[in-house]
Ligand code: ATP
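Below, in structure tokens: the form predicted alone, a single chain.
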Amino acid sequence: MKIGVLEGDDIGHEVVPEAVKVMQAAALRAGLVIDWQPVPIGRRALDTLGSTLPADTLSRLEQLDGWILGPIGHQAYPKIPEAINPHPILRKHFDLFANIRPVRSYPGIASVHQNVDLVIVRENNEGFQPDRNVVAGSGEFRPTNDVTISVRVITRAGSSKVAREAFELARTRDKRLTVVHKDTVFKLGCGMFVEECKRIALEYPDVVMSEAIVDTFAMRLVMTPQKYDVIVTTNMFGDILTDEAAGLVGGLGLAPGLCAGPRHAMAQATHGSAPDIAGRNIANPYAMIMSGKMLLDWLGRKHASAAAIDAARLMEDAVGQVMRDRISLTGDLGGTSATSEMGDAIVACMAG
């Protein structure tokens, strides 16, 4: 496996190395050989190479199976053409159409709900987000000072791809899939999304598909998240619902993620770069480590690699033990340990 390492900004330089450390330990135990390839991105790349997304970064990533992307602090970049936000470019260039975000509670970790174990699959390259829904220009425009128009893009191709990814995921879990939409109002846009989900469902008779209107689902998610397993939805709805779901189990520090496409996948935690705590070795590495676990699992299924799947399972089991037994947790999880100490504890659990 060829896996890139893009540390990103701020706490990315602390949590990404912990993810690599744990992934490498799991790979060694599972007999998986990983060729780690550092790739420049973010503020350090700007300072050393003149761009936050250097010219050869995309071509280097093309040669890899997947990569780990640390949080990007693009809001603090200087206002110059070379300081761009790499996120939308990476997602569009590699057609990372599915944003997969698991939500899980752990006994002993403070959360609104316990016994939560669900995954939201969010379409990643269309919808209302103006940086992703057009090839050139913007998905928003203001014809007068008092009127702003935002364009929402829904395609059959985009809807069917993310639906298939969700059905494939549901097949590996509890074989239940909830399609979240608002076709009572967006009759054509959400209507097309639902049509494609129903069409793909015919290929997965072993998966039970249900539907939910987004506002009703948002309420039910707060009240009874235990009722859901895999959820698939459009971009903007998914953007909101995934943060809501993370809040039910402890916040964005417990929110890993994976952006998956036809040939590549990118492990990317949901949280930001947290410049206020950068350099202090206190950031919670859970989300980044579990994003790395998701990458190994995806690569294992993509390339029929039992070793990669085993490495992912080893990581999940070790992280689960650290969380349940409250071993070397960081401050936001109620512990007193450093970022690196939590990573070391996970590696130790795998060894022991």
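Bear in mind that the values here come from a model prediction, so they are computed numbers and not experimental data. The first residue of the sequence shown is number 1, and the count goes up from there.
One more form of this protein, predicted in complex with the named molecule, exists but is not displayed; see below.
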Whether H271, I277 and D332 all lie within 4.5 angstroms of the named molecule in the predicted complex by heavy atom: yes
Choose from 156-164, 140-148, 231-239, 250-258 the stretch whose residues reach within 4.5 Å of the named molecule in the predicted complex, heavy atoms counted. 250-258
4.5 angstroms heavy atom contact with the named molecule in the predicted complex for S291: no
Any of the heavy atoms of I11 lying within 4.5 Å of the named molecule in the predicted complex? yes
Can N284 be called a contact residue for the named molecule in the predicted complex at 4.5 Å between heavy atoms? yes
Could you tell me if Q75 has a non-hydrogen atom within 4.5 Å of the named molecule in the predicted complex? yes
